[in-house]
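The chain below stands alone and is given as structure tokens, in the form predicted alone.
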């Protein structure tokens, strides 16, 4: 029997347990710094530019951008839990980040109000509708000023196929064990994630799925929305420990410019 996934899994998965299970990727300062290093290499960000951190979670990229002199970031995510944490952090640091709860398909922001839009942390491919990613990228296009840049960090389909591992696990401290069972179906990987505490028992037993793209497919998708000057960076990983980091370890970066 295959892994069954609720098509709206993304509305509830991203909470305090997610920050625990994925801490090696999303709560590691050095990982975030490497990712932001790459952002600065690939798109021409200047201190006065307005940056939209779309699907930005608890704001780790926005916060790092601010430490490097970017004067205005808008952080948008669907998870109220992650944005609550982001607000606490931005307030404590005095960082110029505006935090907003919204759906990436319809941000509710003024057209042509950003110099750059970032979609980091493999945040495309969550929605079951195969047209949904084009809708999200179309919203990015609307929000960008002419000449502005989109940068998308997403799962590299070629790498997923070559390195696919049906089972993975890792320990967190002395108490927590995270086990993942994966199933590949054409261009989608479905996952059952079991999180167990030695003291408390099962903390989470959930399923989710990610649709992934090949390099040419990403180029075609960005081009169909209207982007030009599209460039791809493949086989990117900020990790150096050789562990199984799931979708966060097989990534490619796409950049495109709004004419």
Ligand SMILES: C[S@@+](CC[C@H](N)C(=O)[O-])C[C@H]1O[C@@H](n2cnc3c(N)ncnc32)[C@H](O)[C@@H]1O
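Residue numbers count along the first chain shown, from 1. Just so it is clear, the structure is predicted and the values come from calculations on it, not from any experiment.
The same protein also exists as the form predicted together with the named molecule; that form is not shown, yet it is the one meant from here on.
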property	result
Residue (of 120, 156, 97, 137) lying close to the named molecule in the predicted complex, criterion heavy atoms within 4.5 Å	120
Single option in 143, 178, 160, 76 placed near the named molecule in the predicted complex, where near means a heavy atom within 4.5 Å	76
Which of 162-170, 76-84, 109-117, 182-190 sits within 4.5 Å of the named molecule in the predicted complex, heavy atom basis	76-84
Heavy atom of residue 102 within 4.5 Å of the named molecule in the predicted complex	yes
Partner contact for residue 151 in the predicted complex: the named molecule, 4.5 angstroms, heavy atom	no
Residue 55, heavy atom within 4.5 angstroms of the named molecule in the predicted complex	yes
The named molecule contact in the predicted complex: residue 211, any heavy atom under 4.5 Å	no
Partner contacts for 3-19, taking the named molecule in the predicted complex and a 4.5 Å heavy atom cut-off	10, 14, 18
